[in-house]
Each structure stands twice: as structure tokens, then as C-alpha cells.
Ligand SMILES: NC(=O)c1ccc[n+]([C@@H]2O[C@H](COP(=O)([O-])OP(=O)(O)OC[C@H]3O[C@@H](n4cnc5c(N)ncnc54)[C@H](OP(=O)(O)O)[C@@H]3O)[C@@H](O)[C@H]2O)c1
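Here's a solo chain for you in C-alpha cells, the form predicted on its own.
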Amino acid sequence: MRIGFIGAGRVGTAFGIYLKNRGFQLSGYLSRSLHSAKTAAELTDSQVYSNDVSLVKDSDLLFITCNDDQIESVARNIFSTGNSLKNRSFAHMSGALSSASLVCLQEMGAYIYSVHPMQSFADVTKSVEDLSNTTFGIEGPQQLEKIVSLLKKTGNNHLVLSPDQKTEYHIASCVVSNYLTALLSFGFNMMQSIGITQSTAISALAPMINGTIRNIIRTGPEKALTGPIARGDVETIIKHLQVFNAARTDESDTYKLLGRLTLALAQKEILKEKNKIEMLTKLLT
């Protein structure tokens, strides 16, 4: 199987290296950035392509790894050539979009899929390492054997999704990755407000962050929850809220929203005292 990529950003480059390291043959890369395509091609011992016609011709499976808003346009460009795509497969790697974004290619005889790695791609080298433990969300209108077979060869787990599940699936991915990053930044900013630099805050809080994540993975969020809300410590929450003055309304709103989510979680396993639940609910509203 010869595998090609349209898009040579972090996702396409990292996944290409990952496949090459596991014995797959790459045809090469096509990208709006010639520099990115050359870099990805060099790292994967593959070619740089100047047009999609040649890349499609040389590839049995083609991953579209450009931005989400460009995927349909890429598919239409390939469709516009009028060439038969029989026995060829196309997969985009968007978490938000279903394989329907590639439906015009199916009309030309191709197999179409969405294949999304449930992973954060902040750095190519680290992402290649992380891919070995990554689960993929896969979806498509035809049989999924080709993609399942590829993932079995790489040793990756997968979740089979239906098109109408993709949005909720992607929300979950965004919350545990993107929103978690924003949440941690909120915590770091609180430390900076009392004169502690971000780098020092990150170093100091890292053991707590790592420990919390390990506990969640080991026991689930309900049993891993600790802290003042889980204990029903009303006075501590009052002190927290007193920090936020009129100039910090956005921070106060964020804190209260997170507090309400935490309170709902606490009531599942830990906090059962109705009077404390009522007081905390009033404070956090």
C-alpha cells in the first residue's frame, strides 16, 4: 500500500513519520507550503508533489491533513479532474467532520473515511512518540476493513463512529485537550497575579496536575475529585469568591461555572450533606 498526504503540517508530518517507522511505504506530500512538503518528504523518504493528479495516481490511500475548512475544497479539486478513483481510498483526519466531506470522491469510485487521532499535535517529534498510544476515531459509509487493517498493523486501538456521533465525539476531544489547556492557563494566571512567574507556577503545579490526571485515569473523575467543594467547605469558597472584585468579573464567572460543574460531580460520590450543597449552590450561582 502506497500512502500519500495532502497537507504537511504537524499532523500530516507526524503521522507520515509514524507510518514510515512501522514499515509503510509513503508516496509523498502535496502542500501549499513547498518548504513544509520538502521537510515532510525528507523525514519520510518520500517525494514532493506539485499537483494532486500525480499524487493520487501514485497513492493507494491518501490522507487529507489540511485545515478543516479546506477539506471539501481539496476533495472538489480532485473530483474536478474527472479521473476514475476506483480502488483508491481517501481519509481526512478531522475530528469535527464526517466522511461526508469527501462524498464527491465516493461518486468517482473511491472509498472515503474520516480517521481522527485522539491526540494533541503541538510538536512533531513528541507527537510521533505519542502516536504509539493513541486511539483513533474512524468512520465511513463503506466497510472499514482497510483502515482497521492499517491500525492493527500499527498497533493502535480505534473507536468506530457513525456520522451523527462526530460532533459529540469532537466536543469531548476539545474539552479534554483544548479546554484543559485553557483551564490550566487560568490557574497559572492566578499564580501570576500574586507575582509568581508562569514558568515557576508550571513547575510547582506540575506534580499536582500529573497526580490528578493519574487519579482520574485510575479511578474515574467521581472518585478522584478532592478539594473544598468535595469536602463541602463553604467558608473556603466564600474566601475564594472575595478575591474577585469588579475588575475581575470574567474570572469570577469562570470560577463559578467551574464550581457548579465540580459541585455536580461531587454529589455523585462524595458530597451528600444537603445543607452544604444548598449553600454552595447559592454561592456559585
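Quick caveat: nothing in here was measured; it's all calculated off a predicted structure. Residue positions are given as counts along the sequence shown, with the first one as 1.
The form predicted together with the named molecule is left out here; the points below concern that form.
Novice: Do S252 and the named molecule come within 4.5 Å of each other in the predicted bound form, heavy atoms counted?
Specialist: Outside the cut-off, so no.
Novice: Is V74 close to the named molecule in the predicted bound form, meaning a heavy atom pair under 4.5 Å apart or at it?
Specialist: Contact with the named molecule, yes.
Novice: Any chance S31 has a heavy atom within 4.5 Å of the named molecule in the predicted bound form?
Specialist: Contact check for S31: yes, within 4.5 Å of the named molecule in the predicted bound form.
Novice: Give a yes or no for D68: in the predicted bound form, does one of its heavy atoms lie within 4.5 Å of a heavy atom belonging to the named molecule?
Specialist: Yes, contact at 4.5 Å.
Novice: So which stretch, 210 to 218, 157 to 165, 90 to 98, 142 to 150, is the one near the named molecule in the predicted bound form (non-hydrogen atoms, 4.5 Å)?
Specialist: In the other structure, the partner sits against 90 to 98.
Novice: What residues of 112 to 127, in sequence order, lie within 4.5 Å of the named molecule in the predicted bound form by heavy atom?
Specialist: In sequence order, H116, P117, Q119, S120, F121 come within 4.5 Å of the partner.
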